[in-house]
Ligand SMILES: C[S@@+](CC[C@H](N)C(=O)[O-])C[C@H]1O[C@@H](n2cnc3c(N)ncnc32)[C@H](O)[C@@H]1O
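A single chain comes next, written as structure tokens; it is the form predicted alone.
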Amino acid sequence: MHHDGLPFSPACLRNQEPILTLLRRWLAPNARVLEVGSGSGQHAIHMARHLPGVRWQPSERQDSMAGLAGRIAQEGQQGLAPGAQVAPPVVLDVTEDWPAGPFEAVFTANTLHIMPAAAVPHLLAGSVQVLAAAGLLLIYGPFRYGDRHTAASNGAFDAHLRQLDPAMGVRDAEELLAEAARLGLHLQVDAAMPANNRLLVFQSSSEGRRR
């Protein structure tokens, strides 16, 4: 919790610049972005302050909305890049109804290892549903590759999560890629990020979202 009473994530503060660097490279001008699991709202604010024209839609589960809504209300119109917008946050449980879209990108950071394993395919399928044709899904966080963690600290983190709740845990990138490909999401880049994290960028097939 920050001194202003709003939720605060040190991890967001550490990783926002490396993530921004890659978003600059991948996002089209004036992109509409749905952020799944916005948490403290720090990413939403930071990206809108540095990406001209971006239209950022924060979202969170109902039980975490209060803090997110508070930050967006307090900071969501301050110091934004030219043409950028931060929309009021919406409630989103990935296993239920998604916003209508379409969005040029869906972005999520440090959520897959927290959500139940059974919810991960819903995240992928929901993203396909709301993405515009050739839209992007960008996933940041720790991953393992088969039985191999990318660092001993990630292995310890995975064990800690599973002790807290067996449904949580560092996800297998190879399994994620296979499920994504089945849904028409094709990996464009698997980028190394600070603190043994990765940023996976998928692009939807040209058919994209049609509903």
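Heads up: residue numbers just count along the shown sequence, starting at 1. Note that this is a predicted model, so its numbers are computed, not measured.
One more form of this protein, predicted together with the ligand, exists but is not displayed; see below.
Asker: Residue-level contact is defined here as any heavy atom of the residue lying within 4.5 Å of the ligand in the model of the complex; does S9 satisfy this criterion?
Answerer: S9: yes, in contact with the ligand in the model of the complex.
Asker: Taking heavy atoms and a 4.5 Å cut-off, does Q129 contact the ligand in the model of the complex?
Answerer: Heavy-atom contact with the ligand at 4.5 Å: absent for Q129.
Asker: Indicate whether the ligand has at least one heavy atom within 4.5 Å of a heavy atom of E60 in the model of the complex.
Answerer: Close contact exists here: in the model of the complex, E60 approaches the ligand to within 4.5 Å, heavy atoms only.
Asker: Residue-level question: is T150 within 4.5 Å of the ligand in the model of the complex, judged on heavy atoms?
Answerer: Result no; T150 lies far from the ligand in the model of the complex.
Asker: Tell me, please, which stretch of 142-150, 33-41, 181-189, 49-57 lies within 4.5 angstroms of the ligand in the model of the complex when heavy atoms are compared?
Answerer: Stretch with heavy atoms near the partner: 33-41.
Asker: Name the single residue among L124, A84, L92, A87 that comes within 4.5 Å of the ligand in the model of the complex, judging by heavy atoms.
Answerer: Checking each option against the ligand in the model of the complex, the one that comes within 4.5 Å is L92.
Asker: Does every residue of S64, N110 and M115 put a non-hydrogen atom within 4.5 angstroms of the ligand in the model of the complex?
Answerer: Each of the three qualifies.
Asker: Residue by residue through 124-139, which ones have a non-hydrogen atom no more than 4.5 angstroms from the ligand in the model of the complex?
Answerer: Residues within 4.5 Å: none.
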